[in-house]
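Next up is one chain by itself, shown in structure tokens, the form predicted on its own.
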Amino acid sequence: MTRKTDKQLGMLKPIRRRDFVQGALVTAGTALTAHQLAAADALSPPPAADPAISGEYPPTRTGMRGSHPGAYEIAHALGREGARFPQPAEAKEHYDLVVVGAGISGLAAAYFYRQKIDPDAKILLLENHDDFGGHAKRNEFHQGGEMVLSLGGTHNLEWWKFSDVVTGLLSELGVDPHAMREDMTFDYGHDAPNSPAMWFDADTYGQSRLLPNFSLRNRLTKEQIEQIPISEEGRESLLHFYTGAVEPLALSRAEVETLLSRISYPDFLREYARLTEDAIQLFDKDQHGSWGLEMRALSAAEAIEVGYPGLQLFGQDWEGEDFQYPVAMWPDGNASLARLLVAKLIPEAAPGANAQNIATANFDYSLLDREANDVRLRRNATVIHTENTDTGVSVTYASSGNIHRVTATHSVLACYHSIIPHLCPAIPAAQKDALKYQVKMPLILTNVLIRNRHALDKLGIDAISCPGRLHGRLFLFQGIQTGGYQSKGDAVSLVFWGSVSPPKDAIDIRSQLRGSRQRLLELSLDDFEREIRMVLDELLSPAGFDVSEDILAITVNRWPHGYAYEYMQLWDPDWEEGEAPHEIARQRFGSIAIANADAGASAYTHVAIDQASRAVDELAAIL
């Protein structure tokens, strides 16, 4: 296949602003000047120019989002380079509580503080991004006529795992997950007659081939395996594996459990299933989205637990059906939950917002940080220092090219764990080590607004795995009518979901995660756009898709610090109760409490809420 030029791919069309070239702000140990601070702030994207949107409204911004330019440079200068900052002026603001991070855990902490400690508490939330919600990022498209919402990060409500605390909070917000499920048909791309599917691209496999009704977690037939464009030896090894032609190993159930927990899934496929390397490669990126990990980070037991084949090698039954997940969802993911919390905390910013209309409710961002508010939410404010004082807490942050300091009775650090030792250097050494232990898992959700879904319907697909491409999976995002949202127009969002493969020489889990993160940060918006256009051109143009005309907008939600670290069989011991890193890391330090999903060592929204409640309870205990 002849590779198309950027012009033929439509790269030169001005569908969104180009991002800035990434670069280091400072060298190690140097002090940031006011000019450098202002330069970091200047990286933050400008307001949307869409005439249908008035005022400064971040959800409509396209291009590089998630951890966008301007959101992380100061934190990197602090954590990576050991930067020093100018001294702040004397504090002019005092609060009952300062929350570092306005994600779901930070917002919930503010809510619980007013509920459990003081209903009239004065609270300041400091957020380094230009929008609230943290990983629950709202993505709005207005380029195709009717507003189209899509996923920017955190997006599931695993209602069957809710604690009483979480159930109570959602009830107070008017959220009924069971009713939400009745208003959604979306199922991660399992709705089309021929989905899920797998697509093999020409660059990687020598030919472009789309295989419908194909999933590595389903029991593949001989006819399907024969269509996979890998070596004949590779296809033969897969045939033996999936059809049970391998002689079962004579091991007891206990021996099987031990073996599977101590070997990576690719090594298991290599050593016990006798798959060839080109056959094993098909699995590498299959959990990039769900886990944020390369498959070699998972034990064979962890992979088999979520539906991958392998038990048949031991004479045990394998269902061979793709994994189903009965979540409740909003059309903007859990951004609607963040919006509900903001509407409760700062009702002036969203009058009339409730669970029935939250997906379409109007939010006035100019009212989030008014002096008259009891709760204030300050965006584009990167905290660089926190410390206990004789009267409470002092919090220093950078914003608009200046360094500011505020004081409070209490503080909740609702940011990711590994940055906290840099923000709060007085924390005990053992707690610092525990905080640094939890390296977050990188994640990408790239939304592509396309003119219509005709090409996918013609092909009979709405979810495709792409083992040879940057994003391991893409799916059509449609079919959620919760929170008052109705998708009426033809334009629809395609979500490219995944992570970035770590370097091959990154062996241990933390090296893998840091390697993936660095590679992710090195990718420009042009890199993402070119990849998307190449994939959609090769995949959909046979069904009439015009890559230069049918892509209306692109939003890349880049999360270098994405999923919370969860303990893995290959990399972490079985900790005694109270001795796990996350339990040590989250301990209250004076008037400073710690909350987020890291504090629960589990990458779920309900965990972030539970940890917010725990942090506030710890502060209440010292009053």
Ligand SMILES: Cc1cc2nc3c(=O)[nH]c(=O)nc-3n(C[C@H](O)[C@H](O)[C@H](O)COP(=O)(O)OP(=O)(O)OC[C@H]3O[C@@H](n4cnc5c(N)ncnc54)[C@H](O)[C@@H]3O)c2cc1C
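Start at 1 with the first residue shown and count on from there. Keep in mind it's a predicted model, so treat the numbers as computed, not measured.
Just so you know, the form predicted together with the named molecule exists too; it's not on screen, but the next bit is about it.
- Exactly one listed residue, out of Thr482, Ser516, Ser465, Asn128, brings a non-hydrogen atom to within 4.5 Å of the named molecule in the model of the complex: Asn128.
- When you look in the model of the complex, the only residue of Ser493, Thr446, Gln287, Thr382 with a non-hydrogen atom within 4.5 Å of the named molecule is Thr382.
- Not displayed here, the named molecule is approached by Asn156 to within 4.5 Å at the level of heavy atoms in the model of the complex.
- In the model of the complex, the named molecule stays beyond 4.5 Å of every heavy atom belonging to Ala615.
- Under a 4.5 angstroms non-hydrogen atom cutoff, the named molecule in the model of the complex has Ala597 among its neighbouring residues.
- Though the partner is left out of this view, Gly106 does reach within 4.5 Å of the named molecule in the model of the complex, counting heavy atoms only.
- From the list 193 to 201, 134 to 142, 112 to 120, 506 to 514, the contact stretch for the named molecule in the model of the complex under a 4.5 Å heavy atom rule is 134 to 142.
- Applying a 4.5 Å heavy atom cutoff to the named molecule in the model of the complex picks out Ala414, Cys415, Tyr416, Ile419, Leu423 from 407 to 430, in order along the sequence.
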